[in-house]
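Only one chain is given next, in structure tokens, and it is the form predicted alone.
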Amino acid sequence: MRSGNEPDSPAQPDITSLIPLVRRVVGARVHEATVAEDLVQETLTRVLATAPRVEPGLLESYAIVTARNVVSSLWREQDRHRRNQHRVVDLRPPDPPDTDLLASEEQGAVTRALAQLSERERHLLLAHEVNGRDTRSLAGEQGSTAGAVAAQLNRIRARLRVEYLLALDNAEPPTDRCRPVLLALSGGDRRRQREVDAGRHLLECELCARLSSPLLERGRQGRDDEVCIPIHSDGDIVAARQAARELAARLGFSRTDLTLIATAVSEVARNIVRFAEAGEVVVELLERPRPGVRVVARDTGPGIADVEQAMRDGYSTYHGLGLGLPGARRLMDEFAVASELGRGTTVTMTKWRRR
């Protein structure tokens, strides 16, 4: 289901108008800017979820009371943390690793990974990496171009990394989708990652999720236009909305739009925590057709039986994802939901910077 930024229905208040009021209430009690902004978004999230049940004319009063309660909850949590800090300090030294054993295992994994390559792939890789031959001379030998050889080498290295991780883990992929997903991650090919639905596969496959960490970290080196936050607990909700706000701020969004983006992220992340076993929120900066930010929230929960019903204002269910989706849609410019019973839900939403 896909929709653009639709006008609010008469029964729905404009959440944007509450932002200055909530900021004043929170700012009078919390002086650290980042913490205060998080509390503002937490307040707006709660107001957004309960707004359909608040009597007309009382929404501002409800927002003020909610803001005060959110601040009080923060104070109680900080006090509890201070009183229990001594219990989380572990003074035991870590066990020293067996360096020789690890080195032997790694060498064996490299050997097994190389064996998975074809003879032609091994020859090309070793000629370049070990013998130091450049891509131009290799291209002349193959009757190809230097660019084509460089692309070949990148694909071979990507496959070698995947085979090395599988050999080091002593594992065989459980499904036919595993290798294509891992190869797309290893090569940093974002288009191919979308084609194989890599994000959802990593949520469903424990092996690939474990092996993907070094591949993802490598792919993100030198890139700062995307962030991925695993979602399991309330603390992850805070991390997701803060990451979204910080990333979007680099594109020059207004403070109001940054709050709307962070609040929408908070809503979809909260649904993952409440209704799904695992999930993630991916925030990506866009340059075309104009500057914007895209948010993709995936989970492996029960899915939504009726997406159209879940998108109606005031809809709420404790049997699947649904609470807050209509509100999140109103805060963003583009919004789409794809859900499959038994497999989970993917929410994609975009906010474009105003000209």
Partner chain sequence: MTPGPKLVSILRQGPYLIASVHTALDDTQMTRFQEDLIEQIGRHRSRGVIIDVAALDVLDSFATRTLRTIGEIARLRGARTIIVGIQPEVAFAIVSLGMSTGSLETALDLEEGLTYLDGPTWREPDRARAAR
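Just so you know, these numbers come straight off a predicted model, no measurement behind them. Numbering follows the first chain given and starts at 1.
Only in words, not in the display: the form predicted in complex with its partner chain, which the text now covers.
Worksheet item: So in the model of the complex, are 22, 41 and 61 all sitting within 4.5 Å of its partner chain, heavy atoms only?
Response: Zero of three within 4.5 Å in the model of the complex.
Worksheet item: Does any heavy atom of residue 196 come within 4.5 Å of a heavy atom of its partner chain in the model of the complex?
Response: Heavy-atom contact with its partner chain at 4.5 Å: absent for residue 196.
Discussion item. Whether residue 186 contacts its partner chain in the model of the complex should be assessed with a 4.5 Å heavy atom distance threshold; does it?
Written reply: Result no; residue 186 lies far from its partner chain in the model of the complex.
Worksheet item: Closest heavy atom of residue 238 to its partner chain in the model of the complex, within 4.5 Å or not?
Response: Taking the distances in the model of the complex, the answer for residue 238 is yes, it comes within 4.5 Å of its partner chain.
Discussion item. With a cut-off of 4.5 Å between heavy atoms, is residue 201 one of the residues that contacts its partner chain in the model of the complex?
Written reply: Taking the distances in the model of the complex, the answer for residue 201 is no, it never comes within 4.5 Å of its partner chain.
Practice prompt. Let me know the one among 256, 154, 111, 213 whose heavy atoms come within 4.5 Å of its partner chain in the model of the complex, would you?
Written response: Selected option: 256.
Worksheet item: Quick one: of 106, 225, 129, 234, which gets a non-hydrogen atom within 4.5 angstroms of its partner chain in the model of the complex?
Response: When its partner chain is considered in the model of the complex, the option within 4.5 Å is 234.
Discussion item. Taking 4.5 angstroms as the heavy atom distance cut-off, pick the stretch from 144 to 152, 159 to 167, 263 to 271, 172 to 180 that is near its partner chain in the model of the complex.
Written reply: Going by heavy atoms within 4.5 Å, the stretch is 263 to 271.
Worksheet item: Which of the residues spanning 327 to 353 lie within 4.5 Å of its partner chain in the model of the complex, based on heavy atoms?
Response: Contacts from 327 to 353: 327, 328, 330, 331.
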